[in-house]
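The form predicted on its own is given below as one chain in C-alpha cells.
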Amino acid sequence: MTPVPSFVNDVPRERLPALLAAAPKAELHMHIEGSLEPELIFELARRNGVSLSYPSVEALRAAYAFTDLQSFLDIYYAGASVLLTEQDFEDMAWAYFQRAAADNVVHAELFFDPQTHTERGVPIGVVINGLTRGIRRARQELGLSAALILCFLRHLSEDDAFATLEAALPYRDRFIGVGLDSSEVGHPPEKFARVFARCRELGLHVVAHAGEEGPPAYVWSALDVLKVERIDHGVRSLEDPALVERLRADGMALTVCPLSNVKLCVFPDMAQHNLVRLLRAGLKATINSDDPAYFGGYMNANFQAAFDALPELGPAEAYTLARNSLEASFVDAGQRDRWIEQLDAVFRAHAA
C-alpha cells in the first residue's frame, strides 16, 4: 500500500470531521437506482401515472427496515418502476450528482441495472441515454467526472445477461465496464463466466459483487473465473487468510459500503464493522454509499458514520481510504495524479 505522507499525521483529530467532508474522493460502488429518494419516486410516479403501493413519502420511508439483501431488493425494484423516460433517468442521476458534488466526490462510477427496466418494457437506449444526459450535465455544471458500469442481475440467467450485453453494444461508447449485482447467495460468480469473458474481449472493465452475504469462495471465483479488477463489498474476505494474502498481493480494491452493511445486517452495528481490520490487513479498502436513498446516507455520511463508531480510524486512515478510491478508479493516470495532488493539498491545509 502507498505510504501515508508525513504531513497527514499532523492533522489534529478535532479537525477530522471537516477533513472527511472536504477531502476529494471517488465513489466506486453506487447503484444509481438506489439513489431514488422517496420524494423523487412520488414525483416521477405522478408524472408517469404510476400507482404506488404506499400512500405517502413517509409510509415508503418507514418501509426501509430491511432484514437482509432480498428484503431490500423487493422495495428497490418497486421504486424503480417509476422510471420510464429519458428525462426520468436524467433527473435521477442529476439528483445524485448534486449530492455527490456537495460531498466533494470528484469522480463517480455508477452502476445501473438495465434488466430492471427492460423487463418492464423500457428500451435500454432510454436508460443509457437518460443517464448519459445526467453525466454530461454533471460535468458541465458541477465539474464532476462520471462513468457508467452496466450490471447484470445475477438472479437471472447468463443467457439473459448475454442478451442485455448485445442490446447495449450500440451504446458501447457510453459505458466503461460491467458488473454483477442482485441476490448473491445461490448465484456464484462462475454462473457468468462466459459473458464476462466476452466483456473482457470487448475491452470493458469488469467488477463483481462478492463476499457480502456470499462466502469467501465467491471472491475467489470473481478473481479467478471472472478475472475482475475490483471486488464490490468483499468484507467476508477476512474469513480466509489465503484470500487476504491474495487480495493484498494483487492490490485488489474492495468497494466497502459501511451504512449498507449495517442496514442489511451484515454487521449488527457500525462499531462491529471490520473496516479497521481490512485496513490493518493491508487491503485496499474504499468507502462508498451503495444505495444511499435506502441505507441512510451518501458518501460523507458513510465516512462520518464509520469514523464516529470506530475510534481506531484517524487522519491516516482517512487519507488512505480517500486515496485508495482515487487509485482504484478507472481513469487515466494523469487525471488520477491531479486528484491525488488535490487530496494532499486538503490534508496539508488541515494540518497543524
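Residue indices: 1-based, along the sequence shown. Given the structure is predicted, the values throughout are model-derived calculations rather than measurements.
Only in words, not in the display: the form predicted together with a small molecule, which the text now covers.
In the predicted bound form, the small molecule lies within 4.5 Å of some heavy atom of residue 212. In the predicted bound form, the small molecule stays beyond 4.5 Å of every heavy atom belonging to residue 87.
Interface residue remark: residue 72 is counted as part of the site for the small molecule in the predicted bound form, having a heavy atom within 4.5 Å. Taking the partner from elsewhere, residue 181 is found to have a heavy atom lying within 4.5 Å of the small molecule in the predicted bound form. Highlighted residues 31, 233 and 291: every one comes within 4.5 Å of the small molecule in the predicted bound form, counting any heavy atom. The stretch that touches the small molecule in the predicted bound form, counting heavy atoms within 4.5 Å, is 204 to 212, out of 269 to 277, 204 to 212, 120 to 128, 169 to 177. Proximity to the small molecule in the predicted bound form, taken as a non-hydrogen atom within 4.5 angstroms, holds for one residue of 97, 112, 196, 76, which is 76.
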